[in-house]
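As a starting point, one isolated chain is supplied in structure tokens, in the form predicted on its own.
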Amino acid sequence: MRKYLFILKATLMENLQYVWNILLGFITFFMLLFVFMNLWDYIYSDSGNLISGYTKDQMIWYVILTEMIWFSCRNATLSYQISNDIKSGSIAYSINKPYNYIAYIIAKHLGEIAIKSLLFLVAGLIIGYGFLGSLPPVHLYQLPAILVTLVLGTFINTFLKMSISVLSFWIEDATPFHWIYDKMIIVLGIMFPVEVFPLWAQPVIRATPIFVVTYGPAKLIIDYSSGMAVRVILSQLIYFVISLSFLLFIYQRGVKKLNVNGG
């Protein structure tokens, strides 16, 4: 465990030297927030109206929070490094080093997104407060459950993105699958909350990673309830076990395939 904490710390220190590169990524973040905040501000002709059970402030904060969560977790290490290591064959050297390759990538990823997450959190809160004049109504007793959902959501997204990249053992390029996953999260989990979609589609969406990665944590922040917290955390624990197990399974199969082929 100490070696992975060292990798996380070293990656974190390295990224502190390139904060300006991280800040460049805020351009897309600001553009999307500007579009969607003004879109919902226009749709809510009366700020007292409810749309699918959401007030204007709740809807705008939902968009801000899900954008913050998603942009904080975006990382080229998950989308490209694993695929490139597999395609180039360099993973054959990595798996023989005195650490687990999967744990190494996870530690590196967490080190890379730590500063980014903090910056996006501060930026999102400032933008939301400047636009609405208020912050989400979060109370101190709610923070533990909210933090747990944010952490679990980050790990689940990490496992799923890594699983897609590990598919490069069998397919030439996993990029299209990353594109599909990303667009699914953006369209169904960021632009609109689940309640906006037709009733027949809502159970389907709640069964997808959208519920545990973006929707669940954001919902708890803007409209907390103990029942919802239990439901989100239980769903995340199930997804955590399944996604991690699937990642380890296909990785081991991929390594076995590599060894059989003389990699």
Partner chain sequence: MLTAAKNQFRVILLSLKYNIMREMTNRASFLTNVLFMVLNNATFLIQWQLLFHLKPEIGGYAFHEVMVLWGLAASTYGFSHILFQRAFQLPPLILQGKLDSFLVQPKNILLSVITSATNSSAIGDLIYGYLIIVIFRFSIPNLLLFTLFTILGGLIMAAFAVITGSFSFWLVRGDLLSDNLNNVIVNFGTYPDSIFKSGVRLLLYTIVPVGFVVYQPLHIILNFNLTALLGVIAFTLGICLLAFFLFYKGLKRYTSSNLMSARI
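Positions refer to the first chain, counted from 1. What you see is a predicted model; the values in this text were computed from it and never measured.
The discussion below concerns the form predicted together with the partner chain, not included here.
Query - Stretch in contact in the predicted bound form with the partner chain, which is absent here, among 159-167, 177-185, 105-113, 77-85 (heavy atoms within 4.5 Å) - result: Every other range fails; the passing one is 177-185.
Query - 14, 127 and 134 all contacting the partner chain in the predicted bound form, non-hydrogen atom within 4.5 Å - result: No, the candidate spot makes no contact with the partner chain.
Requested in this report: Just give me the single entry in 230, 207, 39, 237 that has a non-hydrogen atom within 4.5 angstroms of the partner chain in the predicted bound form.
Outcome: In short, 39.
Requested in this report: Determine whether any heavy atom of residue 51 comes within 4.5 Å of a heavy atom of the partner chain in the predicted bound form, and answer yes or no.
Outcome: Residue 51 belongs to the contact set for the partner chain.
Query raised in the report: residue 10: heavy atom within 4.5 Å of the partner chain in the predicted bound form?
Result: Close contact is absent here: in the predicted bound form, residue 10 is far from the partner chain, nothing within 4.5 Å, heavy atoms only.
Requested in this report: Using the partner position in the predicted bound form, report whether residue 150 sits within 4.5 Å of the partner chain, counting heavy atoms only.
Outcome: No, no contact at 4.5 Å.
Query raised in the report: How about residue 146: is it within 4.5 Å of the partner chain in the predicted bound form, going by heavy atoms?
Result: No, no contact at 4.5 Å.
**Report entry** Within 198-226, the residues that have a heavy atom no more than 4.5 Å from the partner chain in the predicted bound form
**Finding:** Stretch hits: a single one, 198.
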